[in-house]
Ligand SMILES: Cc1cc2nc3c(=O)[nH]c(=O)nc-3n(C[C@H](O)[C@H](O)[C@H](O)COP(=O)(O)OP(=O)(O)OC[C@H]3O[C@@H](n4cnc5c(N)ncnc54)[C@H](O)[C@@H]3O)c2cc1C
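Okay, here we've got a single chain as structure tokens, the form predicted alone, with questions on binding and movement later.
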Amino acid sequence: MKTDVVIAGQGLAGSLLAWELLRYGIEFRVFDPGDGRSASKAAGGLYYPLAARKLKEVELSAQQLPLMYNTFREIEKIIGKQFLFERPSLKLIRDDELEKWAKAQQNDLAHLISDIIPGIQLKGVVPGYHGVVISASGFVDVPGFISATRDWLVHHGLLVSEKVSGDNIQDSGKHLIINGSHQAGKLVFCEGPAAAVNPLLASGTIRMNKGELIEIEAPGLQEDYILRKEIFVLPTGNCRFRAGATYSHEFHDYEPTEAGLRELTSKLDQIIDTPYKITGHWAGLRPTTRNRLPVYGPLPGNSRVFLLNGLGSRGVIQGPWYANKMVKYLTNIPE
């Protein structure tokens, strides 16, 4: 098999890069064994233009949001399924925060804060909060997107069910030989957290960050907003919600924990005051970097092997942007 570009890994980054290469007419194959272990398959998939704990707009979100919308809408047309769902977020704040949010609405964040509702009363929500409505938010069904993309790639003969190992790549001088039998002009590692142990990458390039989420059934809870305080509560329909997430650099496995469950339910109980039933609990590993910015481009001293990784918890909004930049790197298309 010969191709221009091989993508190693079909998580969120690898899937988005595949669609970008297709859009530019570049021949490619995606290598992924489909073993079910992926950061993206356990992702909440939220997009939100504000920094989690800071009263400021996320850097580049004004440019990244339009590209994100366009990218997923185009893919939805090709596949025939919806993945991106727009849903306003409601930031729950207390009395001592109201003044600074009101000032932000009048100044730097006027284009993002659509309303501030003092003493908001919502079905199933603990009373006593004020609500800040952020309209430019929503979520992507990341597991559904990855699964549908995999089916599309398989149908079109673009997916190879193999793992690319960093120590099983040879450079012939004209092309790369991958896994002993495949030729490629260039290789892009989109391995997610597995990149932390890739022998071709410098130690510490990618770090693992474990996150846990739960799914609940709560017929008495509002479904108009994504609730945000210390955690998010995301309505997914039919009285079901996802709540998360935890963050830990100490554990590098995919197993949900009792400690994670206690943390999530404790924070959830500060937001909602209606009975709920836990219907799911899962964990994933996020690929992150020390400065929380994705890494992309060629490996040092290597013009054929590239990296696109570290999308982290903002992968939905950042992914299309960096996939587009990666294609321009691969093809020398001017920015």
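Numbering starts at 1 and follows the sequence shown. Predicted model only: the values in this text are computed from it and were never measured.
Below: the form predicted together with the named molecule, not depicted.
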Listed residue (E223, E162, D115, D171) with a non-hydrogen atom within 4.5 angstroms of the named molecule in the predicted bound form:
E162
In the predicted bound form, does R286 come within 4.5 Å of the named molecule, counting heavy atoms only?
yes
Counting only non-hydrogen atoms and a 4.5 angstroms cut-off, does A18 reach the named molecule in the predicted bound form?
no
So in the predicted bound form, is the named molecule close enough to P33 to count as touching (4.5 Å, heavy atoms)?
yes
Check N324 for me: does it contact the named molecule in the predicted bound form (non-hydrogen atoms, 4.5 angstroms)?
no
Determine which one of 124-132, 184-192, 104-112, 76-84 lies within 4.5 Å of the named molecule in the predicted bound form, judging by heavy atom distances; exactly one does.
184-192
Of the residues spanning 295-316, the ones with some heavy atom within 4.5 Å of the named molecule in the predicted bound form are N309, L311, G312, S313, R314, G315, V316
